[in-house]
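Taking the form predicted alone, here's one chain by itself in structure tokens.
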């Protein structure tokens, strides 16, 4: 039985689609396949991009034929472990409210919660990083409590600051760079998820776990100043 659908994306990439739904088990297999491909160091493979339910593999057609890539990936997918290796844990500080948290009070009222209750609920979750995308380092997080599921805005705002912590639909997020967004926002973290001056430039990876904890405005300002000076602020705390 096929492990996936192989969908050609032009003549230099194939998307290996495992399912058509958002599911942590499916995402674990996608990430496990990405790691298996990296370990295999297959000549001609130039990049792997894991998503919620599929793995995009880019290749050089002068070195590797698409049909051969499919056969090699099929073999790797058949031998994948039942569960992928656990990712890292990140405890991310958030200043709730403020300029970036423009939806905090309205969302609390909409959900029938007090602001402290909403903050405590958001901080009670171990979010899974399903994928990195949209912008460099932008983290798509799964595990949002049902009561916080919220449709995105019909008209996106034109500029949301880097570090904004948001929710949209059934997902949560951390914005890595400033830009437009239709998500709803609770606050901001001083942590920089994307910094081209650091190695690696993207801090958090698909398969990691994120927990949020509240900090006050003064702590946020002090940590933001350190981040601007190049301090990554966080270190991973081990496997989930």
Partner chain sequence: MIEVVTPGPMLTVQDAGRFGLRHAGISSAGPMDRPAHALANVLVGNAPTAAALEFAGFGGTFRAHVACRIAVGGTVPLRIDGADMDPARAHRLEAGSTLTLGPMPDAVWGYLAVSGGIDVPPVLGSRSTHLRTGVGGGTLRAGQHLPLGPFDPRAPCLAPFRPLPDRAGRVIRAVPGPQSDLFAPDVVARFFAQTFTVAPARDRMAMTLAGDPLPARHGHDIVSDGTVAGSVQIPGSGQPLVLMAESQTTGGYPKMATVIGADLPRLAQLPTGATFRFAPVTRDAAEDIWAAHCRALARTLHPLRVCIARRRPVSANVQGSP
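Everything numeric in this text was worked out from a predicted model, so none of it was measured. Residue numbers count along the first chain shown, from 1.
Not pictured, yet referred to below: the form predicted in complex with the partner chain.
Look at 127-135, 92-100, 161-169, 114-122: in the predicted bound form, residues with non-hydrogen atoms within 4.5 angstroms of the partner chain sit in 127-135. Among heavy atoms of residue 50, some come within 4.5 Å of the partner chain in the predicted bound form. Within this chain, residue 54 lines the site of the partner chain in the predicted bound form, having a heavy atom no more than 4.5 Å away. In the predicted bound form, none of the heavy atoms of residue 218 sits within 4.5 Å of a heavy atom of the partner chain. Contact check for residue 196: a heavy atom falls within 4.5 Å of the partner chain in the predicted bound form. Residues from 6-30 that approach the partner chain in the predicted bound form with a non-hydrogen atom closer than or equal to 4.5 Å are 7, 8, 9, 10, 11, 12, 13, 14, 15, 17, 20, 21, 22, in the order they occur in the chain.
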